[in-house]
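We begin with a single chain expressed as structure tokens, specifically the form predicted on its own.
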Amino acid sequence: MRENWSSGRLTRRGVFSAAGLAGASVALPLHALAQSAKPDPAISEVQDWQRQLGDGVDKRAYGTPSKFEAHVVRRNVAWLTAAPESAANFTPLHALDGIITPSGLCFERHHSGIAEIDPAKHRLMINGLVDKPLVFTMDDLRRMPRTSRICFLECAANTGMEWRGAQLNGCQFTHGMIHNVMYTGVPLKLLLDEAGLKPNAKWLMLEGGDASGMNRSLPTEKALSDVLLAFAMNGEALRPEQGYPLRAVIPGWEGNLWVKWLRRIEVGDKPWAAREETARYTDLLADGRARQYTFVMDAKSVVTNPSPQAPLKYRGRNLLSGFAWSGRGAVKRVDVSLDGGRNWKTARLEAPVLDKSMTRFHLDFDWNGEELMVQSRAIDSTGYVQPDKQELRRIRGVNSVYHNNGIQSWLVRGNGEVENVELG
């Protein structure tokens, strides 16, 4: 499977000497076909679907995408994990518009496969350093005050295969361990207030109901601020792969904390040193030490069009598009370069621009067939500026897997094909 993905490494001098990088040329008209003397049968002839009735309403009780969009699916990289039960499925970022990820395309990560849980039998227990241990049914939770918010979930390992250089050829694989949806649920603070936290309560342990018993430690300060216990996404019940019937939503923090199939919250005075916060999800540094509890996902961005799975097809007028996000706040600005960082232009942010949510950005440009080196750089509302990969490696080394938010480079060839590369 590995050999199916191409990658490249180029020096800045090598790229710039091979061909001039430019982004401006004379735009070709978008209505060129209309000016042609030869009729276009797509508009001048009656099509097959105009000659017959389509399916009635009873054929599609639950709506599905058009058959012509069958290629827009989540995909995995088989060699990353030993088994599909402990694998990840990547969101096709290059094929999306707007900021909401469709439920059926949302990134998924499992440690023991998808748990299929009967909501009537599911319970959530809160115990430990509380005045009153409690057990909630799903009906109990649905009768409580609820709230909805749009936010991103990003795996700490997103872009983790790129620490030592360009490897996976496609933004679906380099950046697709993320999704952005509207979650609906009960603020965790309401449940903790009802249970009553003891004075020495400093940490929570969130435990999942899947076969792995996935658990993570969470500071009470965060739990009491903006954490949701969600039972719905994008207006409908959670999908099984997203933790049905109940999951944690921890805006801005790494996805491994967002425990799915949530069954228990234990309150304690210190973190639990669980497997997923000691042997995993720590940041290995160049000197051999490891950083723990680096919860926040820093500002990051990626150009999705053009990208390896979305090559340039037309000369003249084109639209560059991508996503930016930050776990520290809202995206304030996104800069785009077409010449490997020599010059930057400010992209247009598409509304809405929300706190701890993916933000869509665009840049109009003309292309005359010259090679381009496309990059994007996000700046968030705290003033944090997304670093380039070399800057990040000088601080972190190359031994890590997690929290890689370095600037991504795409080389656009003269034929429109796009390759994942790095500037030396």
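All residue numbers refer to positions in the sequence shown, first residue = 1. Remember, it's a predicted structure, so these values are computed and weren't measured experimentally.
There is also a form predicted in complex with a small molecule; it is not shown, and the following applies to it.
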In the model of the complex, the residue from 331, 259, 303, 93 that sits within 4.5 Å of the small molecule by heavy atoms: 259
Candidate from 324, 230, 153, 297 lying within 4.5 Å of the small molecule in the model of the complex - any heavy atom: 153
The small molecule contact at residue 170 in the model of the complex, heavy atom, 4.5 Å: no
Residue 109: touches the small molecule in the model of the complex, heavy atom cutoff 4.5 angstroms: yes
Contact flag, residue 192 vs the small molecule in the model of the complex, heavy atom cut 4.5 Å: no
The small molecule contact in the model of the complex: residue 76, any heavy atom under 4.5 Å: no
Heavy atom contact within 4.5 Å of the small molecule in the model of the complex, the stretch among 237-245, 144-152, 339-347, 315-323: 237-245
